[in-house]
Every structure is written in C-alpha cells, then in structure tokens.
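Here's a solo chain for you in structure tokens, the form predicted alone.
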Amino acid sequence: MNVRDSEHIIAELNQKEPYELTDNLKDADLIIINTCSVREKPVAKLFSEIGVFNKHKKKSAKIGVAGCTASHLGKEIIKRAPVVDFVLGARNVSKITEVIDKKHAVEINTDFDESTYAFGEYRSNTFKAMVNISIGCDKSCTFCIVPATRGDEISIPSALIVQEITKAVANGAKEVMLLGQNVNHYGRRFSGMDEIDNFTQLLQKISQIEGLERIRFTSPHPLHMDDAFLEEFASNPKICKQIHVPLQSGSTRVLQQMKRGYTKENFINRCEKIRTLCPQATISTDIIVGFPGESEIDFEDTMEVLEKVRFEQMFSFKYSPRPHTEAAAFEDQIDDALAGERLTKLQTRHTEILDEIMDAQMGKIHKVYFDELKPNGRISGRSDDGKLFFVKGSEELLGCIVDIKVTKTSRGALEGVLV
C-alpha cells in the first residue's frame, strides 16, 4: 500500500511539476520519506533518517514526510525536526503538488476523500500493477493505529478500478495486485455513487479484462471470508492460488481482546475450507505475540494453529503499543524479554515447517511469471501460488509465463530451469 502511495506521489510530481527521479541523493531537489506507523521502530527510525538526509543533501533541497506517521504526528514532526519542509498524511496523497511550495505545510485530514481522484500514471514495474480498491479501515482492532492514520473505509468505484487495470494491461502488465486494508470488505461505502458490487462480484468483473492473466489481492479479513468468496477464489482460473489470512492470535480470548470478530475455531474452519476447495493454495498470515495479558496457554493456542494450518509464509512481531489504540492503555503489558522468547519459539517452529514445504518442491513444475531482471544473468518471478523463483535468463523472459522445473530449494526462494 505504501509502495502504491509512493507511485501516486511520483505520478503527480511527473505530471504537474518538472520533477524526475534520481538515484543520487546529492542531485535531489526534493526528498520525500514515505512512512509506516504500524510498529514503533519505523517511527523512531524516521527522525534519524531525516538527520542523515539533511546532512548529505544539497542546501536548497526540500525534505517532506508522507504516509501514516505523517498522519498521526502531524505538526509534531516539524517541531522535532524543523528541517522538514512539509508533512503529507496517508489520506492526502493527491495534495502533494499543493504542499511542496508551502513552507511547513501540514496536510493530514483523515476525512479527505480521494476515492474518485484520477492519479497520473506511474508504475515502478510495468509488468505488474498495484491497484487500490479501497481506502481506510472501519475495523476497531485494539492494537492497530491504521484507522487513525488512514480514516474511515471508502470503496473505489468498480468502473475506475476496471479502467485503471485495463490501462495497465495495455502498457504491459499481465498481473494485478488489488490493495485495501480489508479487500474482501469491498462495497462497504462509496462516495456518492450507487454501487452494489461486493468483493466477489468485483473479482468476477476484473476477471473479464482481456489480457489480464493473474489477479492477486491483499489483505482479506478472516471475518469476511464467506463461502461464496472462497469458492470464487478456488474456481476462478485468473485468481492466483495464494491467500493471506491474518490470524494475529490463535487464542479466542486474546482475539476477543483484540476485537477481531472471529474465534480460533472460525479461523481454522476458513483455512480448512481453503485447503478443501483448493489443495494447491498457499496460505500466509500475520501473528502478534506478547499482546497485553497473553498467557502461556494463549500462546500455545497460537502454536497449535501454526501446526494445524502450516502457513507457507508468516509475518510475526512482538506486540508494539501504538498511540490512538485501546490496547496501549491495557493493563498486563507483557515483559519484552518474555515476548521475545515466544516470538523466537514461534519463528523457529515456522522455519522448520517452511523448510519441509520448500524441500518438497524439488523437481516440481510451476508456471512462473517473470517480471524483474537480476544481476549475473538471472531473472526472477513468482509462481501462481506466490513462490519466488530465480532462473538464468534475459529480458526476453520479462512479461512471460513459462513452465519452470525446480532444481534447487531454499527457505526464501526456489531456483529452476525452463522446461
């Protein structure tokens, strides 16, 4: 989502101002740091980054801070770092050309509606397109700062989504990644337009775009994974068989404290449904350990879900208290060392599971879409189920979907040869 926001910023600057990208910091007239605030560490890193850029930039260059940290800190950023020229919130990306010439401008309105705004065209990779289908979040998860930084959920009209994807396909993209805080909650609210599409209907509509061969999406919410959606996921040949199902905790008690809206049993049921309908599908997840009040039994529930589902990919973190969230004020905050022990145990076991999964790929054949050149005569791409592949090859393979036989496995990627 942040990558797409950065692309939108670049597009607006390319279209309305005489800016172009540079790889050399000392050549830059404008430096924009696009930020995340889901965890505390990136926020702390922001101010050290500002210092580094200020030290090495040319005297006239401007520094701007954009994204979620901009939304929640606002004027505080300029107070702490007066060298920052402007602050642009995650919900105000289209205003980039308005703020770059206003010294110490702060645009952080989370009620601002960009759902029907037509951004200029810019993509960092022409072979795949990232497309927002909704903005903001209506959930009230007690650990999450996103509703405070990205505002209420609004769905982007399906006609605009189809139009954007069609244009990207005409420019060479065969794959699209649909983006939203809760993509399968699509249709929740529109800005003054009468739309009836839900996410399943949107997937069906996008599938009709000629020349589009692969559809991915992130992130769906377990609460909205009804049977109709999972059946569409399993049966639609254009939908890649890779699905992110954020668990957060395996404990029903902790899930209730998190206000996630589902139980351990609900979650396992949905994953079992995916495996039944689509045995070849890969399932990834997010897990937080050390949430306030998490007992050893609660943590063991999480380990049990890991064993039952055997996630192919897992993003796991220690709980990080965030401003504007309920959980930051909860009692029974878990000792950092204990949370660290639990995280290590979780990640160690997942690593063992992942090694088993990847080792079992040896000799198998996957259809891989190649979209990026790598050094030393190699090229990379992903299989339908999301596995990263590297093979020897040149730019002739870019934009092609070809059969690759696995010849070498590792935890993070596979190597292979053309069949």
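What you see is a predicted model, and the numbers here were worked out from it, not measured in a lab. Residue indices: 1-based, along the sequence shown.
The form predicted together with a small molecule is left out here; the points below concern that form.
**Message:** By the heavy atom within 4.5 Å rule, which residue out of 38, 50, 379, 31 makes contact with the small molecule in the predicted complex?
**Reply:** Filtering the options by heavy-atom distance leaves 38.
**Request:** Sort through 284, 200, 252, 320 and report the residue having a heavy atom within 4.5 Å of the small molecule in the predicted complex.
**Result:** Of the candidates 284, 200, 252, 320, 320 is the one lying within 4.5 Å of the small molecule in the predicted complex.
**Message:** Is residue 144 near the small molecule? Define near as a heavy atom within 4.5 Å, in the predicted complex.
**Reply:** Yes, residue 144 lies within 4.5 Å of the small molecule in the predicted complex.
**Prompt:** According to a 4.5 angstroms non-hydrogen atom cut-off, is residue 96 in contact with the small molecule in the predicted complex?
**Reply:** Outside the cut-off, so no.
**Message:** Within 4.5 Å, heavy atoms only: does residue 260 come near the small molecule in the predicted complex?
**Reply:** Within the cut-off, so yes.
**Request:** Verify the contact flag for residue 246: yes if a non-hydrogen atom of it lies within 4.5 Å of a non-hydrogen atom of the small molecule in the predicted complex, no if not.
**Result:** Looking in the predicted complex, residue contacts with the small molecule include residue 246, since a heavy atom lies within 4.5 Å.
**Partner-facing stretch of 301-309, 105-113, 69-77, 180-188, counted where any non-hydrogen atom is within 4.5 angstroms of the small molecule in the predicted complex** = That would be stretch 180-188.
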